[in-house]
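Here's a solo chain for you in structure tokens, the form predicted alone.
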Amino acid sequence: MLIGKKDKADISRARILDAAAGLFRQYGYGQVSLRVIAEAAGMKSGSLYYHFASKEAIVVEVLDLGIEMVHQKVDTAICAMSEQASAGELLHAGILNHLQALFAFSDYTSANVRIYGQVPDEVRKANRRVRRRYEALWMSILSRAEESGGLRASVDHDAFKLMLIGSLNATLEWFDPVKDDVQKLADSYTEILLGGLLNHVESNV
């Protein structure tokens, strides 16, 4: 099969992004230059400008992809669930698919978590739309869970969403999917989040 110019450009673009994501994950934002990215992608530095206007443009796409890959997997799983799914089933599906995507696309997701606080303000601003879209997906999951009757109405959805996404993303720092089971990790997180730690409700909570 012949590969057209557009296909070749897409392949080269993907190679650049894959190389950049791996480098950002390993070294952080400041230590990675366009020259280093080009070398890792097997290209000349000037060739990068055919695909991206700047290092910042590459960073924005790496950050966006790191979130979009997780978003797509979670959204697909939730949309496939029965309308009668319980709150526990919905939350477990969201947690499991978030974790699976984190480790399936670990260069991108790890780069996102590692360098987001290091990048210039304009890069964070450009990434904000994708980040907010994923947060909105979790808000819809929580609303659906509440409508099912299985979630307390007093739960602050926004606080829970931020706590959940942050704690799941933090597993990239300590969990090894080669040695351990992501399914068991998701089960454990779901049990803690839904059942809590205490045998009874403390009066001062």
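All values derive from a computational prediction rather than experimental measurement. Note that residue numbering begins at 1 and tracks the sequence as displayed.
Another form, the form predicted in complex with another copy of the chain, is not on view; read the next lines as being about it.
Although the partner is absent from the chain shown here, Gly28, Leu151 and Gly196 each have a heavy atom within 4.5 Å of another copy of the chain in the predicted bound form.
Annotated contact segment (heavy atom within 4.5 Å of another copy of the chain in the predicted bound form): 168 to 176, selected among 46 to 54, 61 to 69, 33 to 41, 168 to 176.
Another copy of the chain in the predicted bound form is approached by Gln118, whose closest heavy atom lies within 4.5 angstroms of it. At least one heavy atom of Ser188 is located within 4.5 Å of another copy of the chain in the predicted bound form.
At least one heavy atom of Leu91 is located within 4.5 Å of another copy of the chain in the predicted bound form. By the criterion of a heavy atom within 4.5 Å, Ala136 is excluded from the residues contacting another copy of the chain in the predicted bound form.
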